[in-house]
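Form predicted on its own, single chain, as structure tokens, below.
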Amino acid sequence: MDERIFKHEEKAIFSLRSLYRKYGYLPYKMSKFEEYEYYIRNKDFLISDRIITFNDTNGKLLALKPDVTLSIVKNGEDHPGCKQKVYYNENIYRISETTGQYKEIMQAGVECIGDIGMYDIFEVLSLAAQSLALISEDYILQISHLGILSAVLNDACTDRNFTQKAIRYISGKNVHDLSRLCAEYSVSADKAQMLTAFTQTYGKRDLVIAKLEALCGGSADAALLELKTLSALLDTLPHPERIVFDFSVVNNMSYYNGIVFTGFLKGISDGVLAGGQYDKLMQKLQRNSGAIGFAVYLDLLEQLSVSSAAYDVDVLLLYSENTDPELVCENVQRLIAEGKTVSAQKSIPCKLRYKTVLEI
């Protein structure tokens, strides 16, 4: 079968499914909708609280699924010593940031829920890196540790408002406003300097670890040791230089803890992959398990298709009104047999991109 007939996102789905099955992740299917109340109770976990709703036949208010992780957590069970390892390929429904309209978004990903240890964290990060590599060899996986960031923030100031604002400025690498915020909340000069240093704590993992060792106090020792152990494991992967530490990667700290990460592909401005540990969400939903997972936003791969496809067809075959149809058919079949794609036309379409033109 000619793979060129598939879009990037369609080819990615097949490749990702095969990858996840190799590591023992099982397919997970779910309904397209959940009770609206469930999403409202956990709206802070969602990217947007604007949700498509409708009434069921019994009058209950339902919502088209804006998130996959919440559904998997809701329908799972805790089994001490075991892990639920699933992968999915689902459509979710969210507001588009570009158009402001509702959009159906194709999403694939994995969730590892249960007795989570260092190997499981590494395995999920490995799958994240491999997922990016399957789509494009030109990728970057950025990793952060919220345990370290949380320790530094708490050491600087315990005010919740300060923490929320500081996280936003660190995420945006905004040194100016972060310095102003520290002055506003009377944060000492040395601790303010430590916080602003976090906006520039990114790059090669060994260099970042050395910088963190100089910056962080004893409160972050356990998290830093975890990060060093993880980095050593990541060095065993193909192209470890594409996996970097970046402490501007910050997810909602009310739900996430520990390792969080984002993946980027050349040619796409937004992150195409995002994930992390979400033990705090599990606790909020009265689950006793740990959890880590990620999602690949397949709809963004449309941008990759536009930028990477130089031509629509290999050959534009032009013929006249009087050309014998058998002659057209003969030429089309010959070109296809040579492995080329062909568009037979009587005139040149204005938007068709082609490598060569042949006239009969």
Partner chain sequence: MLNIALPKGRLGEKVYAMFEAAGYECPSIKETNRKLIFENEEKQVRYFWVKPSDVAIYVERGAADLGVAGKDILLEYEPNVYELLDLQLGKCRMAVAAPADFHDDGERTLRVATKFTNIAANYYASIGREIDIIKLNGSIELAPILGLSNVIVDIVETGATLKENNLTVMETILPISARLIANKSSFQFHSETMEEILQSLRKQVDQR
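These numbers come from a predicted model, not from an experiment. Numbering follows the first chain given and starts at 1.
The form predicted in complex with its partner chain exists for this protein as well; it is not shown, and the discussion that follows is about that form.
> Going by a heavy atom distance of 4.5 Å, is residue 264 a contact of its partner chain in the model of the complex?
Replying inline: Yes, residue 264 sits close enough to its partner chain in the model of the complex that at least one of its heavy atoms falls within 4.5 Å.
> For residue 255, is any heavy atom within 4.5 Å of its partner chain in the model of the complex, or not?
Replying inline: Heavy-atom contact with its partner chain at 4.5 Å: absent for residue 255.
>> Against its partner chain in the model of the complex, would residue 180 count as a contact residue? Criterion: heavy atoms within 4.5 Å.
In response: Flag for residue 180 set to yes.
> Wondering, does residue 246 line up within 4.5 Å of its partner chain in the model of the complex on heavy atoms?
Replying inline: Output for residue 246 is yes: heavy atoms within 4.5 Å of its partner chain.
> 155-163, 123-131, 200-208, 69-77: which one contacts its partner chain in the model of the complex at 4.5 Å, heavy atom to heavy atom?
Replying inline: Of the options given, it is 200-208.
>> Under a 4.5 angstroms heavy atom criterion, identify the one residue in 229, 91, 283, 171 near its partner chain in the model of the complex.
In response: So the residue touching its partner chain in the model of the complex, by this definition, is 171.
> Looking at 95, 105, 215, 140, which is the one with a non-hydrogen atom within 4.5 Å of its partner chain in the model of the complex?
Replying inline: Only one listed residue qualifies here, and that residue is 140.
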